[in-house]
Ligand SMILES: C[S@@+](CC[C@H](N)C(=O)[O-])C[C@H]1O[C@@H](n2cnc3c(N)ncnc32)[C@H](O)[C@@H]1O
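Presented below, as structure tokens, is a lone chain in the form predicted alone.
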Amino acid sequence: MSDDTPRSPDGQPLWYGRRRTHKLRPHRAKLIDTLLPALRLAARGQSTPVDLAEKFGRTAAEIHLEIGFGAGEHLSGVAAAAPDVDFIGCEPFINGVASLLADIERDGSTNIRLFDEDARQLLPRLPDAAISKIYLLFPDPWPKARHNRRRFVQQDALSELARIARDGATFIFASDHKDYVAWTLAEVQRHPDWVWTAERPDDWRLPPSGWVETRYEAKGRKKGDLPSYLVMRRVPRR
């Protein structure tokens, strides 16, 4: 990551979002203590590379990554629909992690691994050209101009995503915040390793096939907040 990324004194990217809201229900609190350690992809605060085949216990044809999975309904949904694909979910919000763990327990999913910290701490530890699809769905828009540098989509983050992405991999960004959508398009168009794939308006007005709607997305639609769906593709390496 570049020096433009806000960092703590120990060099880690700063996290500005919530860690927790309401107290967890007893069973979900138990899942945090029992199931999460078994599914945690990497220990927090370390820098050692992650062996994905070891962590998943297999070598899948594809590995997908969701950055900031919220309550986890999208991640659990796509993982259940594609058992031959392995999924990595990153989320520092403990209530959201507990919600996803409940889904994993209910569905009996074995193809999800979690990183319960800022995704920017995990990305440098992932191998080159390992990821086939990346999701960034309804991230915090940080709408005030002085907070824009807190947005995930920055040139350094796009470079790190390009490094871990396979040639031709897709990066899907969804948001109902028009300024963040415009920001993301501008950042992608500046970056040499990503290209926006849209050819007609429906390509960004309609979600990609196989879409699993999030709670935030459904709530926004009821209020009349129409999201945009940007699909970027990783340019082949030279």
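Everything quoted here is computed from the prediction, not taken from an experiment. Sequential numbering from 1, following the sequence displayed.
Unshown form predicted in complex with the named molecule; subsequent notes refer to it.
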item: Single option in L114, I104, L126, L137 placed near the named molecule in the predicted complex, where near means a heavy atom within 4.5 Å; value: L137
item: Any non-hydrogen atom of R221 within 4.5 angstroms of the named molecule in the predicted complex; value: no
item: Non-hydrogen atom contact D86 with the named molecule in the predicted complex at 4.5 angstroms; value: no
item: Exercise: I67 in contact with the named molecule in the predicted complex, heavy atom 4.5 Å; value: yes
item: Interface membership of A98, the named molecule in the predicted complex, 4.5 Å heavy atom rule; value: no
item: All of E160, W194 and V235 within 4.5 Å of the named molecule in the predicted complex, heavy atom check; value: no
item: Proximity to the named molecule in the predicted complex (heavy atom, within 4.5 Å), stretch among 186 to 194, 45 to 53, 165 to 173, 207 to 215; value: 207 to 215
item: Contacts with the named molecule in the predicted complex, stretch 115 to 130 (heavy atom within 4.5 Å); value: E117, D118, A119, R120
